[in-house]
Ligand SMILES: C[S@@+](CC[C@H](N)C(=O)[O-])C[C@H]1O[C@@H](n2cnc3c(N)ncnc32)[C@H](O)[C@@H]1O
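The data below hold one chain only, encoded as structure tokens and taken in the form predicted on its own.
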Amino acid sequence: MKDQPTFLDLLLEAHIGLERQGPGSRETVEKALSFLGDLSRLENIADLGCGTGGQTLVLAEFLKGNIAGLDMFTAFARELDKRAAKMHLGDRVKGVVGKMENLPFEKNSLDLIWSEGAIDNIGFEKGLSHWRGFLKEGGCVAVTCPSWLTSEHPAEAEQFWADAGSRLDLIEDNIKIMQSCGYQFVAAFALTEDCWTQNYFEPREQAINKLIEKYDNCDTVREYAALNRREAELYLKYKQHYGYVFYIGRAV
């Protein structure tokens, strides 16, 4: 056991056992899918930044095609494989180790690109622009991205997201970006509060408490815990101003 784990070590250890690695829910997956029309035509799907596959496995319940869950962390991709095998979905759902900014798929091969809580790591415009070339004509993209819900942008929240490497834009601005990247805009909707609190923050806090017990008197763990708790506090304080928004588009 490491005496001083890194932030990355702690992120992986805290999240590997969680159903989700970010805000979301089964209900929002179903809602997003409802905008895609005939689901039977979706034969090749990629879930980018899939984590351990909380949403990937929900997708597999509604879609009959093959789903590649891509994540940069090998541990997450392998955990997805384990979960898929337990649900007897291993023939259709595969974990793939790779990066969102350099997709390991053939061009014009995908019917649907899905991504929850990940595209802001490389940038909304950069992600949509790069991914467009991997979609068939008429293929769909469905992603969640942190966005401003109001014209008021509290400086405290804006600074937190900037420090995390994410840029928040208004929903209407992201819709324009989506259209400029070669997509017909289909729909957008904000995730509910439970997607953040009940489905992510609360399970994550339990995992963090276990880390604190395991790594007694570890400064890095205390810093990691403080940063995560700060994120939860800011969301509860400013949730009317920002949140994750699902953006759904069709390649044209």
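Residue numbers run from 1 along the displayed sequence. Source: prediction; values computed, not measured.
Unshown form predicted together with the named molecule; subsequent notes refer to it.
Undergrad: So which of 118, 110, 80, 128 gets a non-hydrogen atom within 4.5 Å of the named molecule in the model of the complex?
TA: Residue within 4.5 Å of the partner: 118.
Undergrad: Can you work out which of 84, 181, 157, 100 has a heavy atom no more than 4.5 Å from the named molecule in the model of the complex?
TA: By the 4.5 Å heavy-atom cutoff, the listed residue in contact is 100.
Undergrad: Which single stretch, out of 205 to 213, 65 to 73, 29 to 37, 182 to 190, brings residue heavy atoms within 4.5 Å of the named molecule in the model of the complex?
TA: Every other range fails; the passing one is 65 to 73.
Undergrad: Contact with the named molecule in the model of the complex for residue 122, defined as at least one heavy atom pair within 4.5 Å: yes or no?
TA: Residue 122: yes, in contact with the named molecule in the model of the complex.
Undergrad: Contact with the named molecule in the model of the complex for residue 20, defined as at least one heavy atom pair within 4.5 Å: yes or no?
TA: Output for residue 20 is yes: heavy atoms within 4.5 Å of the named molecule.
Undergrad: Could you run down 42 to 67 and flag each residue that has a heavy atom within 4.5 Å of the named molecule in the model of the complex?
TA: Heavy-atom contacts within 4.5 Å come from 49, 50, 51, 55.
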